[in-house]
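First, one chain by itself: the form predicted alone, in structure tokens.
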């Protein structure tokens, strides 16, 4: 049975979500207040509808409360984003993810009960900054305000050593949850696994500990 989603707001962010969900074989209702945007996605989404989502009657008429997950990707109109999210909560949508424009917008969305708030520009900025600062950090994904998952390239300084020899958890406070080696990936590697030069270490920990590991172990 296909999973069913609604994406409200068909700008660059919302549009990319629609396309990816469709590629993942999901049923996707795409909604925008602009008929031109709806026409653009008519051949992409399972269903494309022009509607004012700040109108509770309009939302109910679409049966939106029957969908498992609604993504609110409304662009610059913060008021419309907040009001739409509030109505979705009130009519009983099980899960709501909302794009926030700024800190104030995010705080309001959290207050009214959005299940997840995303800040694409900020999140991408954090990833880019970490990639720029270090040649070893390849990717960076926030788990919370203080904890992340990072992909870090191993170098000759730690190559040839086993995980138990490096004692990474005790020494640096981070955990290696997987190792990518060429086309292979080793989940929960064993303590006697030896790191090779250019292995990609997937580590989890606090932001401080991740950066401490990268600086002390690899430089």
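Numbering follows the first chain given and starts at 1. Here the structure is a predicted model, which is why all the values come from computation and not from measurement.
The same protein also has a form predicted together with a small molecule, omitted here; what follows describes it.
Enquirer: Please determine whether residue 66 contacts the small molecule in the predicted bound form, using a 4.5 Å cut-off between heavy atoms.
Expert: No, residue 66 sits far enough from the small molecule in the predicted bound form that none of its heavy atoms falls within 4.5 Å.
Enquirer: Can you tell me if residue 167 lies within 4.5 angstroms of the small molecule in the predicted bound form, counting non-hydrogen atoms only?
Expert: Residue 167: no contact with the small molecule in the predicted bound form.
Enquirer: With a cut-off of 4.5 Å between heavy atoms, is residue 51 one of the residues that contacts the small molecule in the predicted bound form?
Expert: Contact check for residue 51: yes, within 4.5 Å of the small molecule in the predicted bound form.
Enquirer: So in the predicted bound form, does any heavy atom of residue 136 sit within 4.5 Å of the small molecule?
Expert: Residue 136: no, not in contact with the small molecule in the predicted bound form.
Enquirer: Counting non-hydrogen atoms within 4.5 angstroms of the small molecule in the predicted bound form, say which of 146, 90, 103, 121 makes the cut.
Expert: None of the others qualify; the residue that does is 121.
Enquirer: Select from the listed residues 34, 162, 61, 175 the one whose heavy atoms reach within 4.5 Å of the small molecule in the predicted bound form.
Expert: Of the listed residues, the single hit is 34.
Enquirer: Which one, 183-191, 148-156, 53-61, 22-30, holds residues whose non-hydrogen atoms are within 4.5 Å of the small molecule in the predicted bound form?
Expert: Every other range fails; the passing one is 53-61.
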